[in-house]
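Heads up, the chain below is alone and in the form predicted on its own; it's given as structure tokens.
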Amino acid sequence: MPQVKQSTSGGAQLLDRAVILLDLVANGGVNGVTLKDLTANSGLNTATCHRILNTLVGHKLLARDDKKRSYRLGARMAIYGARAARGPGIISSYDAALTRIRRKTGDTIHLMVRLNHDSVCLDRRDGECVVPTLTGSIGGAVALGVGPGSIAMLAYLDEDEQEFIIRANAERYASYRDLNPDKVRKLIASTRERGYAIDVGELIPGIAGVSVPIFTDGTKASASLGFTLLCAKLTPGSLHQYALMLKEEIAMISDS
């Protein structure tokens, strides 16, 4: 069981305690860890533990599931992990591709990755026309099932895992226009039939998106590559052409 280190410095002691809690949550799995368990296993009193957890949630190092009253790793941890692995990691692999596609199209291009029940923006290149996106910027996250970047990943998970995630995120979908578990299931079905995920102004009026899954382990999609652009720029068949471009880039990187 981790124990809080004693330190003569208040700042260092606070950091020690935060690291202990991060380690406990990281070892807790996808279902998260409750405040009660974190208090018992860290050796901290409830008030101190709760205060540190709130700070970590505020910085997106942890995420809180209010329904289950539990904590899990937050979106920023995925960013830190990816940057730590920048050498052989996915960010390094797609760095040149993002720049190349952005120069070719002039549109916003983004690399997404799955973290538990979330879709996190690992990297992006902004287009000539700045458009609003669901994640906002690098490090931003949305629930899996929200937007083409996350649907492209969710669609290629096992059905049981899909259902588990959809149920877990059901309340979060209500924050978006006309989005609910049944709609997410329909988007999954159409994405698997089409081979890529799209959105044409349904989540953000006037903004379209198209994303293609990245199969990092050969079977499940744990990442996606996609565009965000103005609906006004679309022409018949353009989303399909964008998807083909993305698939070609992914194929070149996978074969290299």
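What you see is a predicted model, and the numbers here were worked out from it, not measured in a lab. The term rigid core refers to the maximal set of C-alpha atoms that superpose within 1.5 Å between the two forms. Heads up: residue numbers just count along the shown sequence, starting at 1.
Beyond what is shown, the protein has a form predicted in complex with the DNA; the following relates to that form.
Report whether the minimum heavy atom distance between Arg194 and the DNA in the predicted complex is within 4.5 Å. No, Arg194 sits far enough from the DNA in the predicted complex that none of its heavy atoms falls within 4.5 Å.
Does the DNA get within 4.5 angstroms of any non-hydrogen atom of Gly11 in the predicted complex? Although the DNA is absent here, Gly11 would touch it in the predicted complex, with heavy atoms inside 4.5 Å.
Residue-level contact is defined here as any heavy atom of the residue lying within 4.5 Å of the DNA in the predicted complex; does Thr219 satisfy this criterion? Thr219 lies outside the contact set for the DNA.
Does the DNA get within 4.5 angstroms of any non-hydrogen atom of Val57 in the predicted complex? No - in the predicted complex, heavy atoms of Val57 and the DNA never come within 4.5 Å of each other.
Within 4.5 angstroms, counting heavy atoms, which one of the listed stretches 67-75, 134-142, 154-162, 173-181 is next to the DNA in the predicted complex? Contact-bearing stretch, as computed: 67-75.
Contact residue in the predicted complex, chosen from Ala26, Ile204, Cys231, Leu35 - any heavy atom within 4.5 Å of the DNA: Of the candidates Ala26, Ile204, Cys231, Leu35, Leu35 is the one lying within 4.5 Å of the DNA in the predicted complex.
Suppose contact means a heavy atom within 4.5 Å; in the predicted complex, does that hold for all of Arg17, Thr46 and Arg51 with the DNA? Checked in the predicted complex: all three residues contact the DNA.
Rigid-core frame, C-alpha of Ala47, shift of 2 angstroms or more between the shown form and the other one: Passes the 2 Å threshold, so yes.
Does superposing the core leave Val200 with a CA shift of 2 Å or more between the shown form and the other one? Stays below the 2 Å threshold, so no.
Tell me, please, whether between the shown form and the other one the C-alpha of Leu229 is shifted by 2 Å or more, with the rigid core used for superposition. It does not reach a 2 Å shift.
Hey, the CA atoms of Val120 and Leu21 end up closer or farther in the predicted complex than in the shown form, with the change being 3 Å or more? Nearer in the predicted complex, by 3 Å or more.
Closer or farther apart in the predicted complex, the C-alpha atoms of Ala141 and Leu38, for a change of 3 Å or more? Distance between the C-alphas of Ala141 and Leu38: shorter in the predicted complex, by 3 Å or more.
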